[in-house]
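A single chain, nothing else alongside it, follows as structure tokens in the form predicted on its own.
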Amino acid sequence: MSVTEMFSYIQGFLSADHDVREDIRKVVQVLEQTAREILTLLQSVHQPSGFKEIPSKCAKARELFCTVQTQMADLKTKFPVEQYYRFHEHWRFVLQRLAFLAAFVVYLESETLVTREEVAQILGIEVVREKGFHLDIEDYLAGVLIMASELSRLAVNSVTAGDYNRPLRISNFINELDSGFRLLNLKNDPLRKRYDGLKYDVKKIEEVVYDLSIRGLAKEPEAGGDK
């Protein structure tokens, strides 16, 4: 093979790679738009009247996640399945954002921590790497940490809405979450930095709970009582 032929071959490879990345970017842009729609929908729960609308907002978000599943199915067709991590950078941010939104919806519905398997099911993707397009464990953890920050905001806005017991439940949940993360040896720098933010979320929520306690506005919910 001559030098000219060799570089012509390389150019063909680069052009094909560029085309694949462009196809991926187009689908990711659509996913990002849907993620923004879900986020906008869920932001209304922070309003004083939004707490009464949590069930309906979560139901609407679930409908939008069906759209996400369709878009994810389209994304899967844009690259060879074995090259997931080669192109992972293109959808990493939106996948973490969608993991956060799924986690937030599940928390609003049941005040429990969503599992990685549940997030994958909501998004219409796999958990096991060998099965194809999957939810990387670090993307799942990043989504959970974003949710923690959103819950610290919800705790503050709960007080404004006159819901004085919700911050206490959020505090218990976040403390359990923090304890769980302490068991992990995080070597991913972005993830470790995001985890550092969890410490501030814990402190922020504790301040809200303390303020409510000294004012006599918060008390432990009864076992089996309404949330």
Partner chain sequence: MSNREGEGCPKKICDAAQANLSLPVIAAFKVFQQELDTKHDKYEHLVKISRDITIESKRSIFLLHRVTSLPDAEDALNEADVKLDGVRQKIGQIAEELRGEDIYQFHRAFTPGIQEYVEAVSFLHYIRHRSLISLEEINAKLVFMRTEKVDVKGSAEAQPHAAQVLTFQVMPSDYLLGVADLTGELMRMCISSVGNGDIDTPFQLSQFLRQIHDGFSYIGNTGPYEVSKKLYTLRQSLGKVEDACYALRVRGSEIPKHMLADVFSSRTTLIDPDEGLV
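Positions refer to the first chain, counted from 1. What you see is a predicted model; the values in this text were computed from it and never measured.
Unshown form predicted together with the partner chain; subsequent notes refer to it.
Would you please decide whether residue 181 lies within 4.5 angstroms of the partner chain in the predicted complex, comparing each non-hydrogen atom pair?
Because a heavy atom of residue 181 falls inside 4.5 Å of the partner chain in the predicted complex, the answer is yes.
When the contact criterion is heavy atoms within 4.5 Å, does residue 199 count as touching the partner chain in the predicted complex?
Residue 199: no contact with the partner chain in the predicted complex.
Looking in the predicted complex, any heavy atom of residue 23 within 4.5 Å of the partner chain?
Residue 23: no contact with the partner chain in the predicted complex.
Even though the partner chain is not shown here, does residue 53 get within 4.5 Å of it in the predicted complex, heavy atoms only?
Heavy-atom contact with the partner chain at 4.5 Å: absent for residue 53.
Determine which one of 70-78, 131-139, 151-159, 92-100 lies within 4.5 Å of the partner chain in the predicted complex, judging by heavy atom distances; exactly one does.
Heavy atoms within 4.5 Å of the partner chain in the predicted complex occur in 131-139.
With the partner left out here, which residues of 65-87 have a non-hydrogen atom within 4.5 Å of the partner chain in the predicted complex?
The stretch 65-87, when checked against the partner chain in the predicted complex, contributes 82, 83, 84, 85, 86 at the 4.5 Å heavy-atom cut-off.
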